[in-house]
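Let's start with one chain on its own, the form predicted on its own, as structure tokens.
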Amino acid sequence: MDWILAIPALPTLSFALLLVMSRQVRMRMLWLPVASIFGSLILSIVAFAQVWPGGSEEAIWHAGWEFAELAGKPVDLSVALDPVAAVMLLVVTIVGAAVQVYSLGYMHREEREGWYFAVLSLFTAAMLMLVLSDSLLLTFMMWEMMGLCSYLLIGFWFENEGPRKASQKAFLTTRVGDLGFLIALFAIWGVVGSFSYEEVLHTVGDWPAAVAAVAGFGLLWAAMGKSAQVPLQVWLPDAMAGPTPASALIHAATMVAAGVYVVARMLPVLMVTPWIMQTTLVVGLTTALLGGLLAAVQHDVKKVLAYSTISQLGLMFVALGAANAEVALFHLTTHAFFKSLLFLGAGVIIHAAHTQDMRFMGGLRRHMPITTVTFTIGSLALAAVFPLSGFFSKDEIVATLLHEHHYVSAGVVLLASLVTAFYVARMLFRVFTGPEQTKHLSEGHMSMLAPMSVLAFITLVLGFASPTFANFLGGHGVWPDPFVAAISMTSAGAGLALGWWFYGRRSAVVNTAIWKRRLGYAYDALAQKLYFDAVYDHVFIRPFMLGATLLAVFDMRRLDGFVNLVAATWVRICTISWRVDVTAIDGVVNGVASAAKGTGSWMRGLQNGVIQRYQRLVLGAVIVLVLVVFMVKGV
């Protein structure tokens, strides 16, 4: 079954080929990434069929390679296929294929469209490899690869300041979380001597309590950064600066899903330490409620969906905190489809209305019927309205909390669900009803509508697979309890009714303005994102920039000054040495050379080949010799 490796290999190959092509050639080869993701989708379906009917956590296929040696122990990179991986392969490839096809229409006027598809392919390949990974080290490598790809996609329009800063913010914030993953790897290797999931999970009961706490919290902290949990959620809303299809992939099936997926895989490590499970539950509840409240005051339709993603990821962490990985993964699956549908729908809406501000939209349902229907399906699934998929997965979270006697937590989840339904109604009424704010509206291109229709169909029917999903993953699946379902539906209905009261009636604009004034500081705090960015700016960014400035001044005035003084002194010494060398040493050498040259020239004149001159010289020499002899004798 080594052909399973072709699932991540196909988009990787697509990236590699597009990378070496020129921009003009890439533009003509866009069929390559689309064909590769559909090839991965077909293979994922085959892989899922190999695992079906599941019911066991055991892997049906495993492969590994020795990567290196560390302290005399082999470090393996291994992959495996089990029911969880099979489900995630389907989710990633279906959403990835939908995003790729949608992008053909959405990005067709972009000059760097080929590069966009190349990075999108690498992003998808990294998530697919992470899903198949059976080694924490390989998981971490793919984890970091997705961080790089998200940076490139968010900052795709790097010519503009907004995307450029948003990509930097996402990269740095998630790196803060990734530090926890790295610490967890060190702790696990120190006690286990292996990164294999099987060895780690089978030995976790024998670990020292401190090591288990460090590893568990490190993994949780890393997941909080990747999955945008409070207090590391600040990067995700700003990530909307990237292309909308890329946002759909980041917010639905890859980047943010990775954190939940890894925690679900490593949940036994977290369960060893009770306070870490409590922390997971509290973080999830806080994120679910705050994310919903912040979504309720946004005017940018993509920001509404971004904060909605934060809130829904919080619900997944709630399920993980209640020690139910199957429920968390089911909500991750349903959320991937209806949230990607909503982001793709938002892209069509933005294309038509030429704005992202919902205050300047309205009346779109009369001109965009397909988008209206599909977007409404996704929105009602987000609001957990029966019989859409979001109802079943969210209902299971409430049922899990009640079963585990977390009654307060269940109340918070129901309150978050009410808030979710409220901002969903607010978004639907602002965008699709009321007076038209934009002229010349038209429906999206078929390449954009077709993927949305497929995702809408999956959203409609997926919920009915709830018991089968749990059984497939090795759990015990049941249909929703009527009492719990009634409570969930009441919460969603109350939120929708409240949304209609504020935004569906004709007096909605006046109504909301009055309530904004009444809420005063509370509304202002929500509008300012609860001051998270302001606090981080004052506590971390400004002190860092001040420290960097002081160090730069010290470097330029002190260190550079000292270095420049040494350099200037050395130059002066070299100048003096050069002058001594030129005037004295070279002068003597040149003088001797000149004397030798002059003497040689004079002596050379004597050897001119004229015999008569030689005779005169001999005669002269004889005369001089005779004179000398007489003078000596005379003396």
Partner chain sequence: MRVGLEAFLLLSAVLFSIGVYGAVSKRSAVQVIMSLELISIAVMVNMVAFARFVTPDRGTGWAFTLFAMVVSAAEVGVGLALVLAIYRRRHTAELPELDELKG
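Residue numbers count along the first chain shown, from 1. Rigid core (definition): largest C-alpha set, two forms, superposition within 1.5 Å. The structure presented is a predicted model; accordingly, all values stated were derived computationally and were not measured.
Although it is not shown, the form predicted together with the partner chain is what the next lines describe.
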Practice item. Considering only heavy atoms, tell me if Q615 and the partner chain come within 4.5 Å of each other in the predicted bound form. Key: yes
Review point. Are any of the heavy atoms in I42 no more than 4.5 Å from a heavy atom of the partner chain in the predicted bound form?
Key: no
Check your understanding: Is there any non-hydrogen atom of A68 lying within 4.5 Å of the partner chain in the predicted bound form?
Key -> no
Review point. Wondering, does R579 line up within 4.5 Å of the partner chain in the predicted bound form on heavy atoms?
Key: no
Practice item. Select from the listed residues V610, I585, A568, A49 the one whose heavy atoms reach within 4.5 Å of the partner chain in the predicted bound form. Key: V610
Review point. Looking at L625, V25, A16, L619, which has any heavy atom no more than 4.5 Å from the partner chain in the predicted bound form?
Key: L619
**Study point:** the partner chain in the predicted bound form - contacting residues of 197 to 228, heavy atom within 4.5 Å
**Key:** none
Exercise for review: Align both forms on the core first, then report whether Q24 has a C-alpha shift of 2 Å or more between this form and the one not shown.
Suggested key: no
